[in-house]
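Shown below, as C-alpha cells, is a lone chain in the form predicted on its own; questions about how it binds or moves come after it.
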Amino acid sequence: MLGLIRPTSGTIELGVNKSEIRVVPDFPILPKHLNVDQWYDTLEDLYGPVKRNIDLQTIMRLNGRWKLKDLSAGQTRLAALMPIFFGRPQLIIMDEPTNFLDVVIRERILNLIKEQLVQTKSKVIIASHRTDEIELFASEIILQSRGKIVGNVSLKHDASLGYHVRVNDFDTFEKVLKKHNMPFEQTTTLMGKTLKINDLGRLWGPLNDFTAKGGILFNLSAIGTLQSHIGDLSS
C-alpha cells in the first residue's frame, strides 16, 4: 500500500494523497538523533499543527528533552503514534498499534485515536491480533491464517450471538440450569471450557441459585460476530 514493496501482481488504489496518509508500523524506525520536542516540531512541519486542543506529550508522558534513541519500547510506540494527530489525515494505517503499552496508557491512547478518527473522518486500516482493537475501529474484517485469507466478517450490524459463561463448578451449574429449564451448550474457547447460553434475561435466576450454593462466576461475555468466526476457525 505504501509502495515500499513492489507487488508481484495486482494493484492497490487508496484514493488519497501520500500527504494525507499516516502510518504506524509494527516496528517503527524513528530519527533517533532527535529528542521528543524536535520530533514534535518535525511532524508539525510535515503535516501541519495538531488540530485538536490536546497536549500530546503530556498525555503520552513523553518528556520533550528525551532522545528518541533512549526511549523504552512502549515510549517508542507512543512516539510512533504521534503522526496520527497532526494535520487532517484521510487514511491511517496501523500495524499492532498498542504493542508494548501498559494497560492504563493503552486505554487512553485507544480512546484518543478513536476520537481523532471521528473528528477527522479518517479511514483506518489496522492489522492486529487483539479483537478489542479490531472491534473498536473496524467495520469490515479479513481473517488470515498462515498467510491465507480464511474468512471475511462484517461488523456493521454486529449483535450478540449468545453469551459465554465460565464458572468454578460446571457440574453443579449445569444441574442448576437444567432445574430452571435453561437451555445451554457446552463449548470450548481459548479460555477453556465454557457454557454458551442465548437468553441472558433468564440467566439471573439460575446464577443466583448457583452462587447461593457457593458457586463462583468467573466470566460472562457476549459472543459477537468476530468471536464466533474465530471460534469456528479454532474448532
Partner chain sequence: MSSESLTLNDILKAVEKKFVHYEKKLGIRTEKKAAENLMFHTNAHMSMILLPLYFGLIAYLFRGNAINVDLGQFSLRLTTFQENNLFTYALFFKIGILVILTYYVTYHWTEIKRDNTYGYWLASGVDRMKFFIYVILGLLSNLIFSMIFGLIIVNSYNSQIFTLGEFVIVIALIISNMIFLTGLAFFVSESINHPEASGFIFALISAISISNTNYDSISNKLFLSELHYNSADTMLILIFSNIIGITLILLSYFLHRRKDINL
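Computed from a prediction, not measured in an experiment: that's the story for all the values here. Numbering follows the first chain given and starts at 1.
From this point on, the text means the form predicted together with the partner chain, which you will not see here.
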* Structure fact -> The listed residue (Gly64, Pro183, Pro31, Gly205) that reaches within 4.5 Å of the partner chain in the predicted bound form by any heavy atom is Pro31
* To do: Kindly confirm or deny that Lys18, Val23 and Trp39 each have some heavy atom within 4.5 angstroms of the partner chain in the predicted bound form.
  => yes
* **Residue contact check: Pro83 to the partner chain in the predicted bound form, 4.5 Å heavy atom** => yes
* Though only this chain appears here, would Asp199 touch the partner chain in the predicted bound form if you measure heavy atom gaps against 4.5 Å? -> no
* To do: Verify the contact flag for Asp45: yes if a non-hydrogen atom of it lies within 4.5 Å of a non-hydrogen atom of the partner chain in the predicted bound form, no if not.
  => yes
* Spot the stretch among 174-182, 51-59, 206-214, 23-31 with residues whose non-hydrogen atoms come within 4.5 Å of the partner chain in the predicted bound form. => 23-31
